[in-house]
Structures are given as C-alpha cells and as structure tokens.
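The data below hold one chain only, encoded as structure tokens and taken in the form predicted alone.
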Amino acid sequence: MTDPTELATLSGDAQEWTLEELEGALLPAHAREKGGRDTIFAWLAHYQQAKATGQDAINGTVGSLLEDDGTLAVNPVVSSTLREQADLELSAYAPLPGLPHFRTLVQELALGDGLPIMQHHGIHTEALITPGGTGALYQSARNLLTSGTTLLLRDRHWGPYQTIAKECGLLTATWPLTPSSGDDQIDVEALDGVLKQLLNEQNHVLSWLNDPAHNPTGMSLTAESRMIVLERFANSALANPSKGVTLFIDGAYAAYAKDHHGWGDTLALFASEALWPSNLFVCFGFSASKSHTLYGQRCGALVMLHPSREFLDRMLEVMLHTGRGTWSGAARLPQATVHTIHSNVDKFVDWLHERDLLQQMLERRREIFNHRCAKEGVPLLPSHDGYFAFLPHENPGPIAEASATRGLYVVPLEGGIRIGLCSIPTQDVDRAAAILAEAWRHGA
C-alpha cells in the first residue's frame, strides 16, 4: 500500500504543473484544439447580467421562441399530451431506428403532400429517429464523407455546423448566400464552380442547406430557387457517375415558414419530370424542437430519399451503427407524444391552431422590424420567415456592443449581426430596430 505521505507529495507535484503541461500530458492533440465559449450563450449571459442589474434590456440573443412576456413559448397541446403518455412511453427504450409509427409520420411532417407523389414516381423514402436535428446532421457528416475531406455549406450558416464538421474531422467550403449583384437568390456560377472543384478533389460531396427560414438570416428560397439548387446537384451527379452527391436539407425551422412543405413539393416535381441520378442522395433533417416546442426533449429525424429501396435499407444499417456507437438510442417519450397528436383529429386541430398563433406572432414581429429598419436605412439581408434577421457587417462586435449599451442584446457572428426576433417581445420590436439603427450608424 502506498504511504500517505507519498500520495501527498504526488498531489502537491500535480498542483505545480501549468495548465499547458497538464493538457500536454493528458490530452491528445485533436482534443487540445477544442475550446471556446459559444458566442450565442455568451451574449445571452450579457443580457441576463444587464437585466439583473436593472437595465431595461431587450433580449435578441436566443434561438428559442419566447412569448411577449419573456417566457418560453410552449404549445399547450404538446405539453399536455406529453404528460398523458403511459408509463411504457415514459420509461421504456425505443427501437433503435425509432418507433415505427413515428418513422412513418415524420416523413409526412417533413415532406407534406409531395411525399406520395415522389413515391408514386419511384423514389423510396426511409426515416430514423435522431437526438434533435443536430443528430441527423451528425449522422450524415460521419457517414457520407471521409475524414479530411470537405463539407459544403452555404455562406452565413449556423455556427455549430462548423463544430459538427470539426468533430467529424472535416474541412468546410461555402457557396454564396446570394449573388453579388442582381435580384436572383442563387449564384449558379459559384455553386457549379464549387461543386466541380470538390468533385475533382474527392469522391463524395455532402452539402448542408438550411432552408426555409434560414438561420441566421430568416431567408427562404422560392420554388424556382429550390429547383435551381436541386438541378445543380443532380447535374453534378450526372456529370460524375462514379462519385456520390448528397444534398441535405436542414428543415429545422420549416414549421414557421409560409411554405412549410416547399421542399416536398419541389422534390415531387423533380421526381415526376426529371431523371433522378442513382448517385444523387437527398436527405431531410427534421426537428420537433421548434414545430412542437420540444427543444429539450431532443427529438429529430433523418429522412432519406433515393430511387433504390435496397440502398435505403443499407443506409439505415449504416446510420444505426453510428447512432448505437454515439448516443445509443433516442428518447421514446417525444416520439410517442408527436404521434399521439397527429393521430388524433382533435389534438391535431388544436396543435395546428396553437402553432399558427405562434407563427402569426413571429410574422408580426418581422413585419414591424423590417419596416422600421427599412425606414432607418439599415441594410438587412432579406428576411422572410422563422426566428431571425441578419445585418451584414465586416466588424460586428462594436455594433453589438453599441446596441447593448442602449439596451438591445444581439449576437455578433462572422460577417454580421444576428437578431433573434423569436425572443424580442412584440411591443419592443420597434424600439429594438431603432436601437440597432443607431448602433449601426455609430459603427458603420
């Protein structure tokens, strides 16, 4: 047995080590590269501190929908249905792919009336449960690219995309959010160029596209723009028949877009009119966080589309292997809750009514904000749907600081300021826009 005096000596020795020495001894190189506090949560903390000291502060930092009194917006039909679930649903494991009825339902929630049309035209579909929409993103990154290759993102994307990519050992490239000139939404030349470059350099392309109600801008693609994007990926697949091309549509905010199932309609039209290349794989990331206000229940799904049923069966095996080795299994309770709501006509009608009220609140806030910013000459990016608006700027930090001193807390990101309309009370939106305008002029 070790002498206690020797243990004390060892303990004292450890306390004399610097943090750098401890990291060098205990952490491998890839772990030492990690760190940094999430910018969004840091600015939320700034707001909370200001509020605690008595400032008449406005919270434009968070990515959750808040009521006008500042409390979390919760669909009461969802919360009551969750509490009504049987003990089995509360406590039992779910099957690894998810509850069968949930897996069928989530395809309908993701793709709407377009689902039976594309199935009629030979496109097969499959779905599996994931812990939130982020789990679906992780599944695709882990399995559809090789470590050291490049993930394609749209510019001005959600920051944790980069975190997921890094965890999977991936680099990232981007295509422009909008063209440098003109009124079109898609810079076709730039998108074609980056797809060609990636397919010259690697055997697989995976692109994440957050649409509709894009985070952080609130932009949504039109039906024409959606088809242009889909055609560019299909053409790239046709031109490179030995390589894999995957378009992953991140529909986390689709429930609060004017066109909830736009991508389902576009995919159905494409399936009925065009050749779907065998090396084109389309995925849709579903999240119940926003649509069903189940943020903390971590309920999402990966919906997969392809002409080959056999391939989808194989992909399900691959994805389940990753899920088992990462989070084991996803929660049963939220799956059962969502299915209960959508299989009961009265509950569904009540859920839809409550969801529409939340969407109308968001639309009113956006209308007020966009109108005041236009009046003040603030050059927001186009903001159509969902939770956010975005002010582009090469040096956003001073603008965020200037806003905070005036009582508005927003999030400075690379390339601009994200404004969380989801968290600003309707009665404060006009004042928030006026503060942002003043801060922007101060920092411009």
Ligand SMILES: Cc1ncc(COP(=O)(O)O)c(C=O)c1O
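Predicted model only: the values in this text are computed from it and were never measured. Counting begins at 1, following the sequence as shown.
Only in words, not in the display: the form predicted together with this ligand, which the text now covers.
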Non-hydrogen atom within 4.5 angstroms of this ligand in the model of the complex for each of T134, D250 and Y253: yes
Proximity of R298 to this ligand in the model of the complex, heavy atoms at 4.5 Å: yes
Partner contact for N215 in the model of the complex: this ligand, 4.5 angstroms, heavy atom: yes
This ligand contact in the model of the complex: F311, any heavy atom under 4.5 Å: no
4.5 Å heavy atom contact, S289 and this ligand in the model of the complex: yes
Residue among S207, N210, T125, Q335 with a heavy atom within 4.5 Å of this ligand in the model of the complex: N210
Sole residue of F233, W351, W158, Y138 within 4.5 Å of this ligand in the model of the complex, by heavy atom: W158
Partner-facing stretch of 341 to 349, 360 to 368, 221 to 229, 290 to 298, counted where any non-hydrogen atom is within 4.5 angstroms of this ligand in the model of the complex: 290 to 298
